[in-house]
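Each of the two blocks below gives one form of the same protein chain as structure tokens; they are labelled structure 1 and structure 2.
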Structure 1
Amino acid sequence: MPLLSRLFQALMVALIVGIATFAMMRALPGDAAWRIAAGRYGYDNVNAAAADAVREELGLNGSALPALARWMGDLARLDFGVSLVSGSPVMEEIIHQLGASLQLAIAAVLLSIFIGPPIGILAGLRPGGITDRALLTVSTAFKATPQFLMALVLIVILAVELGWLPAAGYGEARHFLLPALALALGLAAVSARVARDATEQVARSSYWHFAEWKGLSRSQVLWRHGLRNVSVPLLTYLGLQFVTLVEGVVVVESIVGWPGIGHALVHAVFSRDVPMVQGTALVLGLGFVLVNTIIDLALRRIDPRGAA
């Protein structure tokens, strides 16, 4: 039943995302034909004749409903259409760009897990201590900082002033660090607070005190009984982080020139490439459903009481 529920959610996501992106692209001000022609031939080479040719070719003067119906029909056959700018199949472009985005997203999540939860667990074991108070201040500051501003600050400090990392680029390991760190700090700020609160709650439980009464050290109690219970809210939060991660990937990829799906989405919006916008938004929406399904299955494995 949970898998059937997730499948129904995926179908609803596809329907809502497709209609919403189509309506928003149609509602944007300006001449869509001119934008598409500029994307094909460049802004210096586009003119009224080229825009009229694009308008005639794509039928942009016609009703919007037939175009939406064609897209929904193609989607039912798993055909995402072709890009209005490049002419390439949308699915091929998404697969090519999705790999770069997944690499960056996985690096950011792993980095946030390495930074946030360990600090949060240390703070939760000593609530009110120096680590706990410092974590509250730093995590609040990082969480309140928009990811585009975090990326710009890191570029100024790590790339411009210190020269430790490149400000942009793709293909080498050192190119991952700056954008991954820009995404990871905001994620780690919240995961640290979640780990801190969960650890404090676990440390006050009766089974924790019973384990200490048996003679186990604090580290032994944490390893044998605490981490499993702390991981449940952390995994739940990991699923919610996907939305923040997608938002950050779209912005950070555009700032550092990362050739991922977020960068492609921004260019597709500027070029009024409706099939590309619909395809990328659909993949991101379905990715959210997939990640939450995996998180649900992992939670049922860790805590079987949730399946009862």
Structure 2
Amino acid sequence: MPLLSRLFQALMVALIVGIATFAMMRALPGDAAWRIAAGRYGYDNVNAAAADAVREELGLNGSALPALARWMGDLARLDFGVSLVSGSPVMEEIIHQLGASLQLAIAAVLLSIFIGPPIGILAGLRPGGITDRALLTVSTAFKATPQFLMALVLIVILAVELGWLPAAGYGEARHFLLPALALALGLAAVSARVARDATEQVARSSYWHFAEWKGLSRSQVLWRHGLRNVSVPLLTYLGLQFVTLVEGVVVVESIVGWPGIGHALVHAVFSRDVPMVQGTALVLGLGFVLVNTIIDLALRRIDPRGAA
């Protein structure tokens, strides 16, 4: 039943995103033929002849409604069309570029899980202790640092000064660590705080005290009775984080030269590549629905209060 409602939600998102991007792209000022020509041929070679050629090739003189109907029809057949700039299928470009962004996002989330919650739990077990106070300072500083600055600082330290990691690039495993770390530190800053508060709360609960009273060691209590409870707010937060993460990915991608979806969307908007914009926005929109669904399902399984 909840899956069905999510499916309906996904359909609505597809419909709204489809119509909205179409309307917005049409409403943008400036002649699309010129923008596409600039995207294809570069500023030295965009001229009236190139714009005319583009206009004729793509039939841009047609009216809006038939074009919208055609696009929605193609979409129903899962045909995203062809990029107006590069000429390759939109689906292919999205898979490649969204794939690159997803890899980075997943690496960042995993890395943040290994950094944030363990420190947060440690701090939450001894509120007011050294770890707790240090965490407050460091996490505030990291959260307050914009991701582009974090990326630049990491490049300067890890790539230029120490020479441990490549400054930028894409394609090999070693290229992941630096941008993922730049994103993960900001995420970990918050997830550590969330974990710390949740742990503190759990550690004050009666079932925790009962477990200690019956003679379990501190780590046994944590493993058996603490983690599941701590992970509920963490997981909820993780779902929310995906939105911030997409934002951060876009910024960090541009700094480390990562061929991701943010980069693709910005370029597509700039050169009026309508099929690319529509396809990308649609995939991102559906991505949010999917992530929320997964988090919901995971929460239902994990939450000890859940009766389902």
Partner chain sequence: MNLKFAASLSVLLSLSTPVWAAGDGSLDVVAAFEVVSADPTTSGTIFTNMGIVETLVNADSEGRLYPGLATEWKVSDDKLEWSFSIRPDVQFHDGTPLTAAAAANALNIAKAKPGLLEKALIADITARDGSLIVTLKEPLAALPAYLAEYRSQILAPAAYGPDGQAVNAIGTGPYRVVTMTPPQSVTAEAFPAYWGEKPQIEKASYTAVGRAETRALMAESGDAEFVYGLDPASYTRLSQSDKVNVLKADVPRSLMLKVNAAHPKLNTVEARQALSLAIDRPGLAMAILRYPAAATQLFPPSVGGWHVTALEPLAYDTAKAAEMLAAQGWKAGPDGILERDGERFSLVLTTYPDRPELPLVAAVLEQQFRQIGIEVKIDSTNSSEIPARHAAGTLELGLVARNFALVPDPIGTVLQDYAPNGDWGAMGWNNTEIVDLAKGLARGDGGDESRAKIAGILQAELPVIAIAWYQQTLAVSNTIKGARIDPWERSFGLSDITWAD
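Note that the coordinates shown come from a computational prediction; the quantities given were computed from them, not determined experimentally. If you superpose the two forms and keep the largest set of C-alpha atoms that fall within 1.5 Å, you have the rigid core. Numbers given to residues start at 1 and step along the sequence of structure 1.
Participant: Only one is the form predicted in complex with its partner chain; which?
Facilitator: Structure 2.
Participant: With the core lined up, does the C-alpha of E212 move 2 Å or more between structure 1 and structure 2?
Facilitator: Comparing forms between structure 1 and structure 2, the E212 CA shifts below 2 Å.
Participant: Please state whether I295 has a C-alpha shift of 2 Å or more between structure 1 and structure 2, with the rigid core used for the fit.
Facilitator: Where the cores coincide, I295 shows only a C-alpha shift between structure 1 and structure 2 that is less than 2 Å.
Participant: Using a rigid core alignment, state whether the CA of T140 is displaced by 2 Å or more between structure 1 and structure 2.
Facilitator: Comparing forms between structure 1 and structure 2, the T140 CA shifts below 2 Å.
Participant: Using a rigid core fit, what is the CA shift at D74 between structure 1 and structure 2, in angstrom?
Facilitator: A shift of 4.3 Å at the C-alpha.
Participant: Using a rigid core fit, what is the CA shift at P275 between structure 1 and structure 2, in angstrom?
Facilitator: P275 is displaced by 2.9 Å at its C-alpha.
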